[in-house]
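The chain below stands alone and is given as structure tokens, in the form predicted on its own.
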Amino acid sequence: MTTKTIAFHSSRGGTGKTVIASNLATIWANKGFKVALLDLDFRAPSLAGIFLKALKKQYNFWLNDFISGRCKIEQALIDVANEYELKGKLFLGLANPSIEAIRGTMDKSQAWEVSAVKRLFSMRNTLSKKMGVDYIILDTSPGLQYSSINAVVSSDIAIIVTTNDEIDLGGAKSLIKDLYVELDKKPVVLINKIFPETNSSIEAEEKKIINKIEKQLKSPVLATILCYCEVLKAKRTTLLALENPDHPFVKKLETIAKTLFLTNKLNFEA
């Protein structure tokens, strides 16, 4: 299959973007695919907190080091397939969670960011042609940070994760107007944590929400995911795709995985 690069984006934190990206990556890896999951949220790194088993391995370089030109992408990745007993490969590229590294990212110049996007495109080529990776998943920083813009530019499919909250939807609308339209990039929307009305069926309520948001954002909706208290309360290190594969949240992600497997960036264009 042709390598797909998928960026997960949001207007602000708290939409569930990272939980979705990490579980989706795990689902694909457990189906035998080669997956690279990269933390491009250099200002608030989170993948290192989820994949704690990865930090027990020898880890000489962070993804920050690759973006800054201090190492090759292969040196900034670790395969955690054995630790999580996956059938395929799961390469993690973790952002440095130290305060010093986060502060250093904030001080980067625009010229550095331009060179960073070039390295991202180079990385895509290496992961695809040299390492045979099937899916490259980019977990971006929320909003209009340079790292998130670079991720969107270098992706085949950009997914904006939002809740049905009006503030989140307003932020998603601004993202589409201020970034995606300017880049001539058509995103898809993933609506997370929805609360269906009790006086109607879940399917009917989901269709109602999808129609409303597609009109409001003028972008296609990839899927909706219900709000599950157990998902919200789960420990940061919980990978529900492995620990509870029959959970409705995981089943919905498997449906999303199939949709993305069968599609490409052209299928989502209006």
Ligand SMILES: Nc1ncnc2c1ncn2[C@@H]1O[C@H](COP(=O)(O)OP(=O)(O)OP(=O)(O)O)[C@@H](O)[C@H]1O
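Quick caveat, the model's predicted, so the values are computed rather than measured. One-based numbering along the sequence shown.
There is another form of this protein, the form predicted in complex with this ligand, and it is not shown here; the text below is about that form.
Comment: this ligand is not present in this chain, but in the model of the complex one of 40, 213, 27, 231 has a heavy atom within 4.5 Å of it, namely 231. Put simply, of 142, 97, 88, 171 only one has a heavy atom within 4.5 Å of this ligand in the model of the complex, and it is 142. Within 4.5 Å of this ligand in the model of the complex, a heavy atom is found for not a single one of 32, 34 and 242. Partner contact region in the model of the complex: 223-231, out of 223-231, 202-210, 64-72, 51-59, criterion any non-hydrogen atom within 4.5 Å of this ligand.
With a 4.5 Å cutoff on heavy atoms, residue 19 counts as touching this ligand in the model of the complex. Among heavy atoms of residue 108, none comes within 4.5 Å of this ligand in the model of the complex. Although the partner is absent here, residue 147 sits far enough away that none of its heavy atoms falls within 4.5 Å of this ligand in the model of the complex.
When contacts are judged by a 4.5 Å heavy atom cut-off, residue 192 counts as touching this ligand in the model of the complex. Heavy atoms closer than or equal to 4.5 Å to this ligand in the model of the complex belong, across 235-253, to the residues 236, 249, ordered by sequence position.
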